[in-house]
Structures are given as C-alpha cells and as structure tokens.
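In structure tokens, one chain follows: the form predicted on its own.
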Amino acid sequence: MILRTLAMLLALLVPTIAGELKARPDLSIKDQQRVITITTPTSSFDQAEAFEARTSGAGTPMAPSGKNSFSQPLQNLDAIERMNFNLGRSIFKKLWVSSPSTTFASDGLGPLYNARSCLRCHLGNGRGRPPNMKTGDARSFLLRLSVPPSTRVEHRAINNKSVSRIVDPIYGGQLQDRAIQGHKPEGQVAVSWTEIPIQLADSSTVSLRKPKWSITDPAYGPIAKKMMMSPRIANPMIGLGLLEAIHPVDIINLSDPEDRNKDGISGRINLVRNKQNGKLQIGRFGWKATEPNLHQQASHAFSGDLGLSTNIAPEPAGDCTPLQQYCSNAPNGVQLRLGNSEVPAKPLDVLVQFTANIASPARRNVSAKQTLEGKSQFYKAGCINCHTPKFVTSRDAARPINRFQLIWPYTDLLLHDMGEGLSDHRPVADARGEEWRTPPLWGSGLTDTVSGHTFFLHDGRARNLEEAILWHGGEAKSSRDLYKKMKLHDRNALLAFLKSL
C-alpha cells in the first residue's frame, strides 16, 4: 500500500508528456501568463534585465556590499518582523553550555557536538570551508555518516521514508569532533589532497585537488568498513525563506527524471518526509535536498551539530548512540516548565523566522560589458538548465512578505547526477551518491568578502569558481566541456558574471 501510494504521488509530480507544464493553482490565468513571460530565460544580453539586481525581490537590501552582506534582513519586514529577526539572530549567535548550569536558557550542549552556536558553523551567515589540517580547525565542516540497510526493518524504514538513511550503530549520523567535559569527541576529520592537472583547449592548465577523507582517533571503537562518509561544508544562509516560497509546481515543471526531452538533463525531486505532519514533500534544503522546510532543517542542525533537542528531534543527547557509554545518561537542559525539549517551540520559531528572512544581497555590476558577455556565455553553455535564473514565488507562501516576488537564485532545487568525480557513494532518501541538489548561486561572488575564502562545492575542494566548474561531470559534463573550449576572454567574462552574483 505504501509503495502504491508513493508511486501515485510520483506520477502526480511528473508531467505526463515532455514539455507539458502544470498550471500553478495560486495564479489566475492572467498572472500565470505574466509569470511565464517574466521567468522565461532571456535571449538578449546587450543590457541587464529589469530588476535583475534585486535578487531578493522587493526585500533586496541595496546597500554597498561588505563583510555583513549576508546578515541583512529583507527590507520589506514590518516592525514586528524586524524585532523577531533581531531576536532570532541572538539565538543564532548564542553560545550554548553544558548542563547543569545556572544559565538555564542556554544549557544542554552536547554531550557530543560540532559547534557551540549556529554562527560558528555559518560564519558570517556564509559558506563553510574544509578543515585546516595545520590548525585542526574544522568549524563549518562535518562528516555525514551512515551504513547500508541490512535488516528487513531497516529496508522497510528506507522504503516508506520514515528515515532517509541508516545511521552508524556506533557513531550515529555525523561525526562530532567535540565533547563536553567528561566525554570524548568521536574523532577528528583528516584529509589528504591529490592534484589533478586539467588542460583547457588553449593549452593552459588548471590543477584540481581531489580529497581523500578519513577519521582519526576514533574514541568509541573501530570505524566499520561498511561506513559511508559524506563531507559537507556549511551552506550560506541567504534567501532561504524565498526558496521555501517557490511554488511546488514550478519545481515539478523543471523536473525531468527520465529526460523525456532528450537534453541530457534529468533533474529529480527528492521526496522526503515532513516530520511535523507525516506527509511526503519536496526536499529543498541541504546538499542533497533532504529537508522539506526550514523548521525541520533547523531542528536537525540543533540535534546533530549542537546536541540540543527540539520538538522534531526530541532526544536530549542529540546524535549519541546506545553504544556510546554514558552519553545518553548525561545531564540535559530540558526545562519542563517550558516544554519537553532543550530548545522550546517559541525560541525555535523565532530562530526559523530569522533564517527565513536573511536577504540575498543586491547584484553588482549587472550592466557592465564583461558581466553581460559572461552572462551570455553562461546561457550558451547550458548552465541555466540546472541553475534556473529566476522564479516568481507563490501567492500562497506562508510568509506574506515572500509572496509573489521575482527572485534570482540560480537553482532548480532538483537533484542532478554530477558524475563519479563528485560522488560521495552515499545514498540518502532518493538521492544517489553522485546526485546533488543544484546549489543557489546568488551571493557566490561575495564569498571571499563575507567568509574570507573562495572554497566551493559540497566539500570545499574547489579553491575558486573555475575549479568548481571543471569538477562538473555527469549531466553537467557538456557545459564543463564547453567552458574548457572557450577562449580566455570568454572564460574570464563568465567568471566575472558569476562574481557579480
């Protein structure tokens, strides 16, 4: 029955004929046509498009870019919403401590954790980086862990989507490299790099670095040979509420899992379980599109990264497993007068409001000649087949300020095969090892300004945007090869366009 229901749901999600588009139920016929007209990719590159600089629609902050470019609220917040934004920011920055503590509102950290605050993973609300092996600093980076299902119960749980993966029986769902006093960190992340030279058509050479990840100093037993590890850097926090406001039909219309139009692009939806209502929904957040909404994303981050419980992830010991002695019995920060979790419902809601209302900053140099030339090359190379430039958000979006906004995220929120070179060989929910959600490109050009580095891709292996392009494989191989064939002038123009985002 469950498989039949899932098959019926999938049938509803996929257009029955190549090129057939489903109509959005939130729009009138007139508005539907307006949306189609304005979101159709441009074919003219002699000037910037209308409102192209306003990546976040009406809420775009137009102030000059700087270190705090990823920390600005949407500009159309009212006074109450702005107050909640500031309250949520204080929770995002809060340093949590272990229990018991006299700081009742801030205790419950761990026992195992990766960071003491959300901000320490999302530095400046920006992109994370791979670990620095010289200093041992692995903030803003983590290893996801899982094992293949081995029992009938585990296979059933995967098939009915009650879980997205089977966690390692000793080390859980991710490696925690820190622990409170009296407990041992699970281990440390280690990486070695191999340089791979790539020759371009003009005989110039670019070196890519290929990582090999491992765990050193495992504290709770040997690392199982069947353990699957997936390295992840923290994603930028900008524009998340607007991504949540993209109408599901728009994502469905972009999906083409069987490549019926024969363009070589077969974006797939990752159907995941909404743990609040039990329904299957489109995954939008995370490197593998495993989270359907920001509430669930934040709850799982509290649990895995900080060892704090919420209504969705109610275990006070976070990612501790039964085989980690003493961990589950450690004191926790639950205050029953406020509820059954260490992060009660109200603070969690305020935090989610903050994460939903961080604006994507305004574009720079949108009308510059080199930017426009690079935009033309980006389109000609077929990059927009996955990095969809623009959407008009739903009229029924949960947050009124996000409704009917023209936004420019450059993503389709779909899973795409990126080739063996980028595969983590670890399935999660519907995503295979070689599949990754198309990351939004808005804000990419400000990575160095905000985060102090230019590392890209899921594990930060790419040291700059050019390396990120050259790692593309699978469905993106043709676009990568076209980039390799470009003249230096055109490559520089394309990179200038990306840096304007």
Ligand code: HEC
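Start at 1 with the first residue shown and count on from there. Source: prediction; values computed, not measured.
Just so it is clear, the following notes concern the form predicted in complex with heme C, a form of the same protein that is not shown.
Not one of 161, 248 and 269 is positioned with any heavy atom within 4.5 Å of heme C in the predicted bound form. Partner proximity in the predicted bound form, defined as non-hydrogen atoms within 4.5 angstroms of heme C, places exactly one of 76-84, 122-130, 188-196, 391-399 at the interface: 122-130. Proximity to heme C in the predicted bound form, taken as a non-hydrogen atom within 4.5 angstroms, holds for one residue of 429, 330, 422, 229, which is 422.
The contact with heme C in the predicted bound form, taken as any heavy atom within 4.5 Å, belongs to 233 out of 320, 233, 358, 145. Proximity of residue 458 to heme C in the predicted bound form falls within the 4.5 Å heavy atom cutoff. Proximity of residue 109 to heme C in the predicted bound form: non-hydrogen atoms within 4.5 Å are absent; the residue sits far from the partner. Among residues of the shown chain, residue 439 is one whose heavy atoms approach heme C to within 4.5 Å in the predicted bound form. Put simply, residue 265 is close to heme C in the predicted bound form: some heavy atom of it is within 4.5 Å.
Scanning 107-126 for heavy atoms within 4.5 Å of heme C in the predicted bound form gives 114, 115, 117, 118, 121, 122 in sequence order.
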